[in-house]
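Shown here is one chain on its own, the form predicted alone, set out as C-alpha cells.
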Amino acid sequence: MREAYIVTSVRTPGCKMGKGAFKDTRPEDLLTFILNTAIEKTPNLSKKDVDDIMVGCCFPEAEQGLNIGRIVGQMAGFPVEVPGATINRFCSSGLEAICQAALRVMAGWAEITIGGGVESMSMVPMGGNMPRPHPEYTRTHPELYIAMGVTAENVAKKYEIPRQAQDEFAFHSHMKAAEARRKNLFTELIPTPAVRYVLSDNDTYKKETFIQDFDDGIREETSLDALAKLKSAFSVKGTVTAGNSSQTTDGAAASVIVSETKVKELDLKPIAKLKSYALVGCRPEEMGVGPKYAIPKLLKLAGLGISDIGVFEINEAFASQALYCVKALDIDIKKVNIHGGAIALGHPLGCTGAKLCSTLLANMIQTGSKYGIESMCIGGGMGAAALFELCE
C-alpha cells in the first residue's frame, strides 16, 4: 500500500457556542475559508488537482445539510468535477474524513484529497433539530441514547475518578492553552473571517465582517477554587460539571493529503505520514473509555509501544474519561494535550477530529516527535485513534 502524506493541516479558531465569535457565521463559510486557505498554503497545488473532498460533520442538517462536503467545494471555487462527501462518526467524524481521504491515496484510487471537518453548534444543536429515537429499542437499550454527560458520570463513578482530580485536569487544560496562546504556539490556527449583526440607528441590523484570530473559550482567569464551586451538571450528587467538561464550540479544519508521486511532482514538503487508524466499540453507557481500547489496538497494528509516542492529542470530552484513559494506559501526562484540550479549546463535534490532527502535527513539529497519536471517545460507545509519523 502506498504512503499518504499530509502536506498542509490548518484550522479556524474554536469559538463558544451561542455567544462566541462564530455564533452568526454559517458553517459553510467557515469551511469554505479553511479549504481555500489549505490550498493557498500548499505550493504548486491547484484546485483542479484535487480528486475528492471528505468532510466530517456530526449533525449534517439545516445549515450543515444537503451534503455540505459537496456544497462547500463548489462555494470554495473547486471545479465542478471535484466531488465531495459528508461523513458522520460523531466525535471522530473529522478524523474519519481524513483517514478515508488518506485511504483513497493509499489504495491508488486518488493522488490528492482533502479531509476535514466542520460543526456550528450555535446553529445546529447537539442531537439535531428533530431527534427521533426508535420507540421500542429505547426501552430495551436506553444506554444508546443517554446524554454524554451521564456517561461521563458513569466513568467517574465506576473507575473512581474523584471530583478534585477532574477539576485539576480541567484547570491545567486552561492554563496550558492560555500559555500557548500567549506564546503564539497554535501555529496551525488561521485568523478567520467572522460575521456579526449590529443594531444600527434606524433599528435594523447591519451585517459586519471581522477577523477572529484566537480560541475564545480559554479561561485564563479560572482557578481551582472557582472550578470547585460549580454544581454538578448531570447528576444531583455527581462530579461532572460545566467546568470539567468540554466546551461546545463552532469551527472548521482541513488537511491536504498527497501521494508520494505528487509530492515529488509538485515539489512539496510533507509534514507527516498517516500510518494507521484503529476503531473499537465499547459499552455505550461508558463511551468515554474508548481511547483506552483504541490506542492499544492502533499500537498493535503499528508494532509500537506507548513509550514510542512523543505526543498525544486525546480529546477532552470530559475530564473524567480523558484522565481515566491516560492513567489506564500509563501515558506520561506531560505528553498529553501539551497546549490544552477541549475543556479549554472546545469540542466542535464533527470538526474535532480534523482540528486535533492539525494541532497534533503542529505539536510534533514543535517537539521534534517522530510519532504522534490522536484519539477520542465517540458517542454511542466507540473509540478511535490514528498514528502519524513526522517527515524529516
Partner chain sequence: MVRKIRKTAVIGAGVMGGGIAAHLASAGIKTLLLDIVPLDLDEKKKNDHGERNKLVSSGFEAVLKSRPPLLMDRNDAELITLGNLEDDFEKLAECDWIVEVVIERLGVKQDLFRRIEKVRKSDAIISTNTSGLTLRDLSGGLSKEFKQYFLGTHFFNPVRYMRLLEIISGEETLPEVIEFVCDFGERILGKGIVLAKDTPNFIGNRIGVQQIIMAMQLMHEKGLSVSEVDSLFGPVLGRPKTALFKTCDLVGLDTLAHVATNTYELVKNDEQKDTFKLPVFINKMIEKKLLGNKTGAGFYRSEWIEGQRVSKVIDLNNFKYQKVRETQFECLTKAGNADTLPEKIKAVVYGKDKGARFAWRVVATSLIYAASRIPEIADSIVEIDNAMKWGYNFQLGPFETWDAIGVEKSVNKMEQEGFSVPDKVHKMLQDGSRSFYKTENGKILFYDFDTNNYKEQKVSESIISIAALKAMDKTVKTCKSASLVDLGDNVFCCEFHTKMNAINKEIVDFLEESLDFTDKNGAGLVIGNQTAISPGAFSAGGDLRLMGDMARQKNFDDIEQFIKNAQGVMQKSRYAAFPVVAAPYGLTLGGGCEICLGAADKMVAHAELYMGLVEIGVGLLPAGGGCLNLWKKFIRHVPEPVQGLDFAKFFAPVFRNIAMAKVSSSAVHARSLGFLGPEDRIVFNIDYLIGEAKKEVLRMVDAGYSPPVKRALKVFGDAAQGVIHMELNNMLAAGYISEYDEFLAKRIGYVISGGEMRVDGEIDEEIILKLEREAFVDFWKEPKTQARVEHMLKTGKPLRN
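Numbering follows the first chain given and starts at 1. Since we're looking at a predicted model, the values are computed, not measured.
Just so it is clear, the following notes concern the form predicted in complex with its partner chain, a form of the same protein that is not shown.
Of the heavy atoms in F186, none are within 4.5 Å of its partner chain in the predicted complex. Although the partner is absent here, T261 lies well away from its partner chain in the predicted complex, with no heavy atom inside 4.5 Å. Heavy atoms of L199 never reach within 4.5 Å of its partner chain in the predicted complex, leaving it off the interface. Under a 4.5 angstroms non-hydrogen atom cutoff, its partner chain in the predicted complex has N129 among its neighbouring residues.
Interface residue among V150, M175, L266, L301, judged by heavy atoms within 4.5 Å of its partner chain in the predicted complex: V150. For the options I211, V80, V236, A107, the residue carrying a heavy atom within 4.5 angstroms of its partner chain in the predicted complex is V236.
Between 190-198, 95-103, 109-117, 226-234, the stretch whose residues reach within 4.5 angstroms of its partner chain in the predicted complex through a non-hydrogen atom is 226-234. Residues T138, R139, P142, E143, Y145, I146, A147, V150 of 137-151 are found to place at least one heavy atom within 4.5 Å of its partner chain in the predicted complex.
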